[in-house]
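Starting off, we have a lone chain in the form predicted alone, written out as structure tokens.
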């Protein structure tokens, strides 16, 4: 198992993809943290009942600044998850992978474990970018950068988990949709456009608000305990959000792994 996991890491880090994604993650984290830090206000903005931003404490501001770019970060790790399996099928290397390690279950477990590690690595890159820029902007504006430091540290640690789980969701999507390009477009389109729109529409209905909080993006927001986009919007506790997101990752990666174990490879 150790050798198989090492092989999966080697496959990823011997391509140019890893540092390109790392640069993108760092830039996105820094840009969003700088923007949100520059716009942050204790008094809020507009009427919360009409979708405006309610007043926030210094702690809430810091959490939102440091986690503001996560929506881009998890799209990148989602894409990495898709490419991890999609590139194997596209370049016909899946056959040699299974010949080198005949036990397919071992291969899939290695991919799952390596993706969690890779997602955690990108989480570290994300945290460096967001905290370095966000804390600087908040300090320049005379606002405390680490109010409620214990809770902020928890949020930063959970970013590592979130990015790893989204990579597993991408792994499942890459298996369920054999064409790599189609898998990327569909996975990112659903995560970035379809699912947030569905969540917003559900939130307008009295019965739908409770359902919307269980969608992946809403669960991610809940895990990080960041502002959810509406003064009255329902939001799970951080641990419940983590369980929901983990369930999505387990479902997608589990179904995909089961299919791969049984699927004929040519």
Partner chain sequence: MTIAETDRPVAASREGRRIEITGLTKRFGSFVAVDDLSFSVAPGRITGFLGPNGAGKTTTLRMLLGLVQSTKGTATIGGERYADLPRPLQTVGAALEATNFHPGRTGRDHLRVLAASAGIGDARVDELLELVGIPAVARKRAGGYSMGMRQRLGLAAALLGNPDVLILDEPANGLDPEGIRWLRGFLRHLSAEGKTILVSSHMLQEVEQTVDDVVIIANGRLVRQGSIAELHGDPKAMVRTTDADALARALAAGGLSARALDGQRLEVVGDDLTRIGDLALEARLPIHELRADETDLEALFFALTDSPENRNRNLEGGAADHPAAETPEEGVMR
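Numbering follows the first chain given and starts at 1. Every value quoted in this text rests on a predicted model; they were computed, and no experiment measured them.
Below, we turn to the form predicted in complex with the partner chain, even though it does not appear here.
The partner chain in the predicted complex comes within 4.5 Å of no heavy atom belonging to residue 194. Contact between residue 157 and the partner chain in the predicted complex is not found at the 4.5 Å heavy atom cutoff. Contact between residue 151 and the partner chain in the predicted complex is not found at the 4.5 Å heavy atom cutoff.
The partner chain is not drawn, but in the predicted complex it has a heavy atom within 4.5 Å of residue 92.
None of 170 to 178, 97 to 105, 135 to 143, 117 to 125 except one has non-hydrogen atoms within 4.5 angstroms of the partner chain in the predicted complex; the exception is 97 to 105.
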